[in-house]
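Quick heads-up: it's one chain on its own, the form predicted on its own, in structure tokens.
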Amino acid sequence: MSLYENIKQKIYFRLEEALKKAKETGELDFKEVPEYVLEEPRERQHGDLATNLAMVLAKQAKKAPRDIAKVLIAHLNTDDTWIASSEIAGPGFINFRLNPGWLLEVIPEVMKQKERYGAVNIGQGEKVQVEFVSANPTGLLHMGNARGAALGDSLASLLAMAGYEVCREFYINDAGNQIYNFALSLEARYLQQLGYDVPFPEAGYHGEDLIATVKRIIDRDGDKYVSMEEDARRDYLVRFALEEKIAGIKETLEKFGVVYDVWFSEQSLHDSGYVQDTIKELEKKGYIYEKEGALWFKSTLFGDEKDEVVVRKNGVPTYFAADIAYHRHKFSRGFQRVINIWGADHHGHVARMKGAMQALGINPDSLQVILMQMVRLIQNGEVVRMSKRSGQYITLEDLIDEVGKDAARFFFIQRDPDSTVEFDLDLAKSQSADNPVYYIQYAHARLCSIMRQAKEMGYELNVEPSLEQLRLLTSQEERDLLKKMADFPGEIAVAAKMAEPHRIARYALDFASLFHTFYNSHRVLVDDEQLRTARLSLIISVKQVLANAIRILGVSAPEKM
């Protein structure tokens, strides 16, 4: 628990102690302690913390909130709480002002924990799987995949920082109808490149990357597959292309800073019989019925608008059937919580998948689905539609080449997944305070520059500051930085609990802003040795916490810019 959370917990305890004493003396009469909050007021002049306890107790106690507040303050023991003063405000809020001395404990804590500062253990080792991107290996990664990659990877890092045991997984859609159409597309392109006049399949994949793939096959093997039986030819072309595409996806994602623990093949579920076994399990539990020669899952029992086919008339399982089997397999591997990151167009799939888990005896709440809205790329004030590579869409590779990994990741993470991202390419490339990732990284580079100057001037950087030296950090800008650093573990805990890495992006941006304000107001390398030591320790700590925050986002912390 962070220093700040410890202070809050102690005040909660003392407030309830005060309630108990007031009840014992007969000054307050109530049956139970109501739910109340202890939080930072919106306005700084209202103090450091405020509670609405007196107001929510008024109905039970049959007293005016301000009168209740007076009683609570009279009975409040403030020993060891850092409370300097208490006052009643407005209709009955109790505002607390803390002795700023508590902030001085932050720097030694940061310097001791270093890269682990901010880590909490709300997860207590719970096994969590985060599955994200899982793009069809039939083309290049696009902007939606890019947003999912940034979000999923950052969420996994955030959960790990919060004490969860996290596994990153990519589900390879290497079975089903899309692979059949992929095979037809490859075959048509292969034959066309060899001069044969063959039509392109209506449901085929039109990306230029498929032509590049078959050209590589021709360069290696020539026309040896032309005379081959159709099924064998298609099988070879698909195997070659899938291996190449998956390798390309891995390489691109690694450039984006994403490395998976598991690459799971959909085809393996069919080959092992796990899909059929899952259907039989649902049938045994009474959730499968036959109609018009197909097998149907009773998804309407779980809030779906209509039941869903799991095995077609021809005996081939649907993608939904494989997806049920896959999620069952996830939980069979011991994951206590499974998080999927899907595009918003999969909204209707959420309830039926949760229903399928419930039908299999798995707690549906242990499956969490985060839905992402679409991405719009803006350049010169207009929406960008074409890609220089594929001729169809902007690829992740294009984006990395254009703006770099750091800007791309931050721009995707900084917004709530439920909101549409308008990705301004010009802003992402700009070196100005308007570009949030540049603004944050420039703060880190400035911090490093101060430390380099200190070293060049012969000042010691590894000195542990004394309490007397830290007491010299009295300006509002210094205290704002100390308070923000103290907040960091709590930010991690809340962001992890809510599965919202965008909170950490906002934290990093706010923290960088506080540092720039400090930098513009105060010199660090002053002549006064005691103040210089205190401010250097502040700079070292700010640099560490800022780096810890943006590391969760997968953004680098440059030493020079």
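Numbering starts at 1 and runs along the sequence shown. Here the structure is a predicted model, which is why all the values come from computation and not from measurement.
We do not show the form predicted together with the RNA, though everything after this point is about it.
- Remark: of stretches 331 to 339, 100 to 108, 317 to 325, 121 to 129, the one touching the RNA in the model of the complex is 317 to 325 (heavy atom within 4.5 Å).
- Tyr519 belongs to the set of residues with a heavy atom inside 4.5 Å of the RNA in the model of the complex.
- When the RNA is considered in the model of the complex, Gly348 lines it closely, a heavy atom lying within 4.5 Å.
- The RNA is not drawn, but in the model of the complex it has no heavy atom within 4.5 Å of Lys70.
- Although the partner is absent from this view, Glu529 stays clear of the RNA in the model of the complex, with no non-hydrogen atom inside 4.5 angstroms.
- Comment: the RNA is not present in this chain, but in the model of the complex one of Gln193, Thr78, Ser466, Gln453 has a heavy atom within 4.5 Å of it, namely Gln453.
- Of the residues given (Ala493, Met55, Ala499, Leu28), Met55 alone sits with a heavy atom within 4.5 Å of the RNA in the model of the complex.
- Along 438 to 475, a non-hydrogen atom within 4.5 Å of the RNA in the model of the complex is carried by Tyr438, Tyr439, Tyr442, Ala445, Arg446, Ser449, Ile450, Arg452, Gln453, in order along the sequence.
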